[in-house]
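As a starting point, one isolated chain is supplied in structure tokens, in the form predicted on its own.
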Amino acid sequence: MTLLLGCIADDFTGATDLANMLVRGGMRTIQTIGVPTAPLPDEVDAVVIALKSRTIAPADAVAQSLAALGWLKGQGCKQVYFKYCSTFDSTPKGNIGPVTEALMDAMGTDFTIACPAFPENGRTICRGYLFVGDVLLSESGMRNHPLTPMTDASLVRVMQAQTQRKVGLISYTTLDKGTEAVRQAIAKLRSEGTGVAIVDALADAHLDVIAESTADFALVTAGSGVGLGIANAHRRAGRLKHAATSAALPNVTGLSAVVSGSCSDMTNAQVAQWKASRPAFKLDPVALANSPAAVEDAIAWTKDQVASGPVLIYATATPDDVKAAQAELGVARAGAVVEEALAHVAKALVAAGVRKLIVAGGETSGAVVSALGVTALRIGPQIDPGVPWTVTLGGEPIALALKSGNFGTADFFAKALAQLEATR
């Protein structure tokens, strides 16, 4: 197997988000959970290795990313793509900067780009400032993120705090002039000693320009949006043999459920809409920490309910509730008890016959797929921008939709299940 594109993603839903974009562009794509240890199917254009490295210690994130890079090199990978969140989730210590530097050093390259833009989902970059919808990143719900609060919208400043390399900017005004102008800007930045360039993107057309301008790069770092540009470029060049069927998935039958741990604004809206007309069970982190029986109560409730129709088990809460739980338990423990509980619930759901499972939240998705022993996923059709259905490889198939916290419309949970039923 020789891969056109090998990707290293810093969380599970982020990996699925990128894989979704590649499939939309016509690339037959497999997502693995961690570095692969078993052979993958033939006729694959791209592999996305999902790590859980976004919020761990920088040294550990670097080590995991280099291990993934080693595997990709062994497959003869043509280009490597380091994928992070479209809201550039990180802290002044990392992990985007340290991982980027380590990959550059390992690949012997002195220059790369950084572009988390995803215009279709409202993530745009203008003169180096990241917008979420119509507001700056620092004014969005991400300012309240419990692990990676984003309080500065200037990506040049954010990235510069995380790397020893000089960080520059390629403006949308250059992108508007086309590929050659961007290549000239890259050459100028390199001559000035810049190692990483933040690249603006206001529309999908900019993603195509970025992809064409960096086609000969050994390493690209970005959110998922640039992945669509790269896939489009490969398709136009006639390199994709299975573009027409890249999103095809096997049929999966069984019960349905939703597990939600994200506390983003959008996931709160999605949970609220579901609760208005469908059964739901709330898990409280303080109760979970103080009484292991709280998990068993949730499992007992789901087993009683799920045979009659889809159910939601959630720990999604408002920012004030999250802060209160963190004040009592500590930030790390509050998150850990929720992830562990929801992973335990998901495992019990599958044991009870659930084969169609939606999981909301990157950390929650990582915990759930680990608990289920999932090692690889075939990527299927998009539900909402950045979120596709997937089906597990190996063993009895399970359909999974792994949703990043801020992604999807308010009716996402019901819409996703309806889409899967419609394709049966």
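Since the structure is predicted, the reported quantities are computational estimates derived from the model, not experimental observations. Numbering starts at 1 and follows the sequence shown.
Just so it is clear, the following notes concern the form predicted together with ligand ADP, a form of the same protein that is not shown.
Residue 20 falls outside the set of residues with a heavy atom inside 4.5 Å of ligand ADP in the predicted complex. Though the partner is left out of this view, residue 128 does not reach within 4.5 Å of ligand ADP in the predicted complex, counting heavy atoms only.
Contact annotation for residue 227: none of its heavy atoms lies within 4.5 Å of ligand ADP in the predicted complex.
For the chain shown alone, residue 363 is a contact residue for ligand ADP in the predicted complex, at least one non-hydrogen atom being within 4.5 angstroms. Of the listed positions (315, 117, 258, 198), a single one reaches within 4.5 angstroms of ligand ADP by any non-hydrogen atom in the predicted complex, namely 315. Here is the short version: of 112, 213, 264, 124, the single residue with a heavy atom within 4.5 Å of ligand ADP in the predicted complex is 264. Relative to ligand ADP in the predicted complex, residues 100, 170 and 189 are all farther than 4.5 Å at every heavy atom. Looking at 89-97, 304-312, 218-226, 334-342, the stretch with residues near ligand ADP in the predicted complex, meaning non-hydrogen atoms within 4.5 angstroms, turns out to be 334-342. Contacts to ligand ADP in the predicted complex (heavy atom within 4.5 Å) from stretch 376-407: 404, 405.
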